[in-house]
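In the block that follows, a single chain appears as structure tokens, in the form predicted on its own.
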């Protein structure tokens, strides 16, 4: 059984998805989905342990050796990202049963779990496969499930957000597929390790440069790099809160992984004659400042943190653009840490939506007195987002600044620090409203009937426990940094050394 863990990582959630539909009862479907997610988490943990002990795992499907057959290839980077996706997917799913009661009709809740597991299976498949066409297949599985999940939002604007995401996501996937087709026409292989060996021979071909451009742009659209981010704010704002928490913590991280895999493993960091690294640094810095500035004035808190996600993606792109082993390690650290931050923040917002019915800024006035544990979670996760010491956010930003100085890019280091200061503004504005603001009476309630309004209660434990698992992880891994530091350092050195 241990020999089949790479394929089981994908097969378990993929087969569990239709089983949830057959159960056709929301609570049973949720319990079964949680069971499948926990199994996936245990598998990803076992894979990470195996890779750390024994090195790269190569699994051939159907007994056909690569490059003729499809290979699942798990190295330390793959195992690291598999653990992130499965862990976040499991914790968010634990809160789903409570949260979606208010946001999704009961007759659609079993379908929700089907789509959730399909999306999770697709994301895990992108990371596990060593076949570049399979990357496209799994990307489409996760994307199609995501479009439907976003459309579950009760606000009719969720349909428009899902449609916009579908159009832009399809463009990104088409660009990726065109690049794959061009590479196959030139090399005759789809195996990523085999591609990495054959591409240097054809590296001067215009076809390779065209394929590179198509694939990088397609992936950057999927990961919402400025100015290709237009699908993300509406998607995160109008999707059901659980969907937002899951996507914010996993989907863009897998897209970052794919960009790293293509750029460093398949093409090689020194492949392009284009000044791709300065372009990445420039776009990353623009993402940080533009998105953070736009976030400040957002009246909807989900939308605020959606723009914050665009800014945080910018930090990861800067690390790739620095082009050093330490810069890549900073990106991999932030990939792990940002999943914890945004998972905690959006789950806490799910608890707020569960109690007050919206995520509008005005609803947060005085909310800390009524939902103290939820707001405390937002404060801690917000401090991590800023990069305060003893939180995970500090660790990755510290390494990003160190990488900038090491490469002689001190202006970049200065801009990274200034960009972090911008996040203080919008996090503090939210904290000030919740702790020092006065709760406003709803406009449709008269002063005479205000006394009869029932007070807002703290979120139920079924939401608070998953929230605080992620909040405590933000603190724990900010103090005990061994797991992310060791995994990211080894993976970064391997990739920069030309590994696949």
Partner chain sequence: MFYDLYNYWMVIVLMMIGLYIVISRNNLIKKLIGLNIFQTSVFIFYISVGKVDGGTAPIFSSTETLYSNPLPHVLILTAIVVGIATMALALALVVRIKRAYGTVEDAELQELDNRC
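Numbering follows the first chain given and starts at 1. Predicted model only: the values in this text are computed from it and were never measured.
Keep in mind that the form predicted in complex with the partner chain is not shown, yet the notes after this line are about it.
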For this chain shown on its own, do 41, 47 and 93 all sit within 4.5 Å of the partner chain in the predicted bound form, going by heavy atoms? no
Using the partner position in the predicted bound form, report whether residue 360 sits within 4.5 Å of the partner chain, counting heavy atoms only. no
Heavy atom of residue 163 within 4.5 Å of the partner chain in the predicted bound form: yes
Please determine whether residue 174 contacts the partner chain in the predicted bound form, using a 4.5 Å cut-off between heavy atoms. yes
In the predicted bound form, does residue 101 have a heavy atom within 4.5 Å of the partner chain? no
The unique member of 196, 230, 379, 144 whose heavy atoms fall within 4.5 Å of the partner chain in the predicted bound form: 144
Option touching the partner chain, based on a heavy atom within 4.5 Å in the predicted bound form, out of 182, 371, 254, 304: 182
Tell me, please, which stretch of 163-171, 310-318, 81-89, 361-369 lies within 4.5 angstroms of the partner chain in the predicted bound form when heavy atoms are compared? 163-171
Judged by heavy atom distances of 4.5 Å or less, which residues of 134-148 approach the partner chain in the predicted bound form? 136, 137, 140, 144, 147, 148
